[in-house]
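Next up: just one chain, as structure tokens, the form predicted on its own.
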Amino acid sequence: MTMHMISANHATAAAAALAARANRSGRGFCSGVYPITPQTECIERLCAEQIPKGSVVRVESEHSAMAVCMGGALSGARTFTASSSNGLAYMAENVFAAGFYRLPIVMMAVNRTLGPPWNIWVDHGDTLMLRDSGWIQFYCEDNQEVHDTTLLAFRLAEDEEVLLPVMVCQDAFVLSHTMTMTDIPDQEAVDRFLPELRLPHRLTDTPRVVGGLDFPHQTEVHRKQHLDAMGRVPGVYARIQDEFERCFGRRPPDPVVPYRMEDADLVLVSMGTTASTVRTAVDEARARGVKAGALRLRMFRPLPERAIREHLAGRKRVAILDRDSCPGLGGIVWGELRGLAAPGAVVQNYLIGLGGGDIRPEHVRGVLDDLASRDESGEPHFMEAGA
């Protein structure tokens, strides 16, 4: 392993290239790519990598980028792409198709605000709009986690008990363009970790229908199979955590990451880089005698419902921080998690850092103060953190 000072975009490209070369004894590698800020650096770096058996195909749109990956995956190749924001929206039809075809594609998504009005800074709404597409979703906190999650995403997606595409999400600019020391493993270690891809439903000389017409009962069967595969993800992921630790000497985080939760009365739930700021605010609150704790939601699909319920059991007040906005509801994460808290708990939604607005410890302190003053939940609270 070697330490490199690189951005999360380049860390992703390094992981994708290592995974690509690890399948050289199999059907190789295929990537369809199209640029969009802030992920362009990733695919530029991937295009410069030496991959002995495979192709990085430059196409005319995000829709086509996913189509190339679908074709490559159906042929049995290991596949990767990257996108962001309106590019993900344009790609959406094929994102759903890849999920329903059960293709183990890995996609790095840089979270960026959907427009118009146009905004290139972080917001989680772009990937959250795809939460029903049948993709596993991870939200990362730092560059090392982005790199490691990309590597393990291939192992998870290609596992015969799963066979589902994986989305690795990172915050625009906060991670994508920020350079930190990142441990990049050597090819031999990655070869041990990533076995040759053997897709059971790949296209061969044997005739096979792809994308045919389903009658109602067939669709029911396929959806049930998809749900069952998602249900197996947590168990498979736990096994991959063990294997990753054996191969690389560090353990990927659990689907839900608690912080100072032993005796917490006030709990802050967040995703992505917001979690590091939340931990700082929790430490400050503890120094003032406030029993605060935090949960970082790393895996959003499948939703780790049981773990969340266990962590929130007995907690009196819960703040759910959303870096997204769903008009008519509030925050998407709050909408999914508000029923998982203990009966009678105050579960308050805070919309914060939208459009890339700063999220600083003092903003989170304001969330804690507001939460502590509440006797019941209210309408989603809009925090103008960037003001």
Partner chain sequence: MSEPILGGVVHTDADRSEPLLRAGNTNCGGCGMSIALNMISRAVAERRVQIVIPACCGIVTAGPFPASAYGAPVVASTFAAAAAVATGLARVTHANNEDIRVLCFAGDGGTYDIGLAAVSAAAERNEDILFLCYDNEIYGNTGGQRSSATPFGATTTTTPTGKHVAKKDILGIMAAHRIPYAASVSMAHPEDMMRKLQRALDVRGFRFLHILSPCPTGWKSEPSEGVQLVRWAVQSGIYPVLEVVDGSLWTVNVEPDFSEDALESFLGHQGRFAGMTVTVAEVRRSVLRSWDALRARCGPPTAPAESNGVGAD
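Positions refer to the first chain, counted from 1. These numbers come from a predicted model, not from an experiment.
There is also a form predicted together with the partner chain; it is not shown, and the following applies to it.
Which residue among 240, 89, 97, 247 has a heavy atom within 4.5 angstroms of the partner chain in the model of the complex? The residue from 240, 89, 97, 247 that makes the contact is 97.
Candidate from 162, 292, 153, 77 lying within 4.5 Å of the partner chain in the model of the complex - any heavy atom: By the 4.5 Å criterion, the partner-contacting residue is 77.
Any non-hydrogen atom of residue 276 within 4.5 angstroms of the partner chain in the model of the complex: Looking in the model of the complex, residue contacts with the partner chain do not include residue 276, since no heavy atom lies within 4.5 Å.
Would you please decide whether residue 222 lies within 4.5 angstroms of the partner chain in the model of the complex, comparing each non-hydrogen atom pair? Yes, residue 222 sits close enough to the partner chain in the model of the complex that at least one of its heavy atoms falls within 4.5 Å.
Given that the partner chain is not shown alongside this chain, does residue 345 nevertheless sit within 4.5 Å of it in the model of the complex, heavy atom to heavy atom? Because no heavy atom of residue 345 falls inside 4.5 Å of the partner chain in the model of the complex, the answer is no.
Does at least one non-hydrogen atom of residue 287 fall within 4.5 angstroms of the partner chain in the model of the complex? Flag for residue 287 set to no.
Among 311-319, 254-262, 296-304, 204-212, which stretch sits within 4.5 Å of the partner chain in the model of the complex, heavy atoms only? Contact criterion met by 204-212 only.
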